[in-house]
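One chain follows as structure tokens, the form predicted on its own.
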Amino acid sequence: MSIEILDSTLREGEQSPGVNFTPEQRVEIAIALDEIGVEYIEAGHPSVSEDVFRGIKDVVEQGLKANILVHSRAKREDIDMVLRTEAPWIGMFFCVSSHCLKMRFGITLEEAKRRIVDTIEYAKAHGLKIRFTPEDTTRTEWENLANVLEILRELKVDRVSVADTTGVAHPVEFYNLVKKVAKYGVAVHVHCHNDLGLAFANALMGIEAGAIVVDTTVNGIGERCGIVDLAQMATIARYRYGKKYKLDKLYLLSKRIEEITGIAVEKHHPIVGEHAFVHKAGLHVAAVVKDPSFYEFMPAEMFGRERKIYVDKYAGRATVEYYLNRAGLKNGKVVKELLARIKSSGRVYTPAMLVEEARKIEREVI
């Protein structure tokens, strides 16, 4: 089963409130994504502003291994902007749901089809590889969507992206839709929003249904509730599908994006959250110190992270021994007394506090 990642931090991620990357930051992030090994980087939407255009062009000039894709409306003037960036891929989008055609654009489906054909042919005539997204795919009537898919197949468009634009698709429904879309013979991408917390589940169902590329962002940032998190997708791609993304680079990039954007990552966030590899309950710790795989599906070291043991009233003998043994303290009486003090104190102990208290007890016992 093939699975690749298109990271859209520089486009979808920048659509998070308060987020605006400088051209220099855009290049920095693109290089970091390339080092992780993502196959595609969506560098931005050049029609937004001059600094976005300049940043995209700077990314293209880096000569990265990843394919660089640039966002565009189905308009010739947008395509011209993409051409000026010299990126090889264009990510073109247009909504064809009946409600959207009537209330947003004021055109018929036939008029929309003519516009889509015109812009695709224009982009192809200028040598661009095309990913076309029928925006709000999951809420578009199948008859309208099928009309567009026929056009994409006839014009030999490179990719079609199934977009759950409002994040409302049920994973089973999303699987069935991607399965139907894939039958048209155009390689399928999926772009899943997280409004109901289903983005990651839908992305996985999309893969199982035949999609080959999943859109992600670092820390899952993006419009409203964001999209699929890069760290989670890169990890599942390695754990389940055998892809060799460089997982040890995810945490540092996550922290850098947190720093640039000011959007804090929750401590319980998978893979990159501060608590992702912290163990607390005494029974868990007793098992983990023997073999981390009892409570870690992949070891912390795979992600460039350090396993930590949290010490409070939930601590067990193994927790205390873990830290004292590292300090060369192996007195059983000390361990027993220290554990009793931890459980009765109501305090959280740092490793330094544990050693200090243990040495105090050792003096008292002796």
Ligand code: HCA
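Small disclaimer: the values here were computed from a predicted structure and weren't measured. Residue positions are given as counts along the sequence shown, with the first one as 1.
Omitted from view is the form predicted together with the ligand, to which the following refers.
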item	value
Option from 8-16, 338-346, 21-29, 352-360 whose residues, in the predicted complex, bring a heavy atom within 4.5 Å of the ligand	8-16
The ligand contact in the predicted complex: Phe93, any heavy atom under 4.5 Å	yes
Interface membership of Ala163, the ligand in the predicted complex, 4.5 Å heavy atom rule	yes
Distance check, Glu135 to the ligand in the predicted complex, heavy atom within 4.5 Å	yes
is_contact(His279, the ligand) in the predicted complex, heavy atom dist at most 4.5 Å	no
Neighbours of the ligand in the predicted complex among 175-204 [non-hydrogen atom within 4.5 angstroms]	His191, His193
